[in-house]
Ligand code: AMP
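Take a look at this single chain, the form predicted alone, given in structure tokens.
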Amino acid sequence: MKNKILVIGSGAREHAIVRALDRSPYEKEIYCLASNMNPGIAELCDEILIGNFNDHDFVVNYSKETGATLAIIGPENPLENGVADALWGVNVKVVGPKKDLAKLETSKAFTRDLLREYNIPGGPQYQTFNSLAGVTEFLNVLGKNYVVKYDGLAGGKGVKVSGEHLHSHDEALAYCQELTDKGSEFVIEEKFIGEEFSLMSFCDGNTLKHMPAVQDHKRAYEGDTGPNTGGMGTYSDANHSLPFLTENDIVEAHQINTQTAKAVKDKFGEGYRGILYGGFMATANGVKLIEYNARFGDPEAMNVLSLLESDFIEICNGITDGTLDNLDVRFQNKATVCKYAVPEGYPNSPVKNEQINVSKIENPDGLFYASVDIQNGKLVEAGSRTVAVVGVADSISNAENIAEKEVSAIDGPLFHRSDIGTDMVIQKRINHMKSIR
């Protein structure tokens, strides 16, 4: 039977998803609902249609038109809007949780309360507020190590960290006031000190199959300075851990993901089907959970899917059918480094509609198109992260050399972080963990 697959989203993450589907020997037709004309996706799909993929009527109608039997949701907003629920309602199997279960990402307070209720380790001291009542007192309890998080989705921009974005309790109160004025709930929690890493798991409601650990770089400029972004680049190591993590750190992250999936199933009476993405911090006293995402990370998807040896269509069917435990999910034992080229002025005032040229790229399989468009037959920047490249090699150092060479070969008003994956930056991470452990 032919697999008719609908992919929702059109960034580099979805380009990686479509490429992984395309590698499968199964007979298939791939359709994509997009927000921009991604040439990498268009080349591999039977059809790419631009439209509002957050609107479930539009998505459901298109799934009927194409006869799709399986859908994979890339971004978080359709999950929050209940697109998965609507598709299941017309018998389309979905990789991506239903609206209630996606609260793991869409509500910071929900996730903190869930960890507390089910005694899952890794949570911070925290309180949830919808006014300024009690805020000063709780800030005094936390002292200088605190984080203020807007409770909903904010594209990675709703979190303010003491010492980075907020430099006094007065500044923290002003941000809380801003959120209160908008009628928003927010969470204040203790700030973890350590090194961040992402650990994603395929989840079918009962069984989890874990992916290699990845480290993302959120800050726009070299040396982890500048504003926060969706992620400027990532790396993973050949042993599927990271140079600054212990074996136990990986075990703890796996356990937190597993216990969380179990808790969500207990709470809602139905299993989480999709990608469970834990954003963790390795600290002096174990692994802590910073937040959950309910889908593949971007850039992390490019790292892990570039290494995936098992059949991705089989994995997707395993997730939706509850049969993941029958599958052997394998990744190559290689290191990866992913670097994003982004428009000049990104993230606050990016240039747009400027032409870029990727013809000097040596390995087109390592190139992922993101926020681009085709105008008059030319490839142009669409305003967010533009294109990503991934280097795959036996060591992070060699993978970094490949990624750096490739990303530097892209012409246009772009910049990238040349320090991601370099020996110097990784040694700094190792030293940091040694000093706090």
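In this text, residue numbers run from 1 along the sequence as written. As the structure is a computational prediction, the values presented were derived from the model and not from experiment.
Separately, the form predicted together with the ligand exists; it is not shown, and the next lines address it.
Relative to the ligand in the predicted bound form, residues 237, 419 and 423 are all farther than 4.5 Å at every heavy atom. Heavy atoms within 4.5 Å of the ligand in the predicted bound form belong, among the stretches 131-139, 86-94, 241-249, 183-191, to residues of 183-191. The ligand is not drawn, but in the predicted bound form it has no heavy atom within 4.5 Å of residue 103. Though the partner is left out of this view, residue 196 does reach within 4.5 Å of the ligand in the predicted bound form, counting heavy atoms only. Interface residue remark: residue 265 is not counted as part of the site for the ligand in the predicted bound form, having no heavy atom within 4.5 Å. For residue 291, a non-hydrogen atom is located within 4.5 Å of the ligand in the predicted bound form, even though that partner is not displayed. The single contact residue among 308, 159, 220, 367, judged by any heavy atom lying within 4.5 Å of the ligand in the predicted bound form, is 159. Of the candidates 281, 120, 361, 315, 281 is the one whose heavy atoms come within 4.5 Å of the ligand in the predicted bound form; the others do not. In sequence order, 147, 149 are the residues of 119-153 having a heavy atom within 4.5 Å of the ligand in the predicted bound form; the partner itself is omitted from this view.
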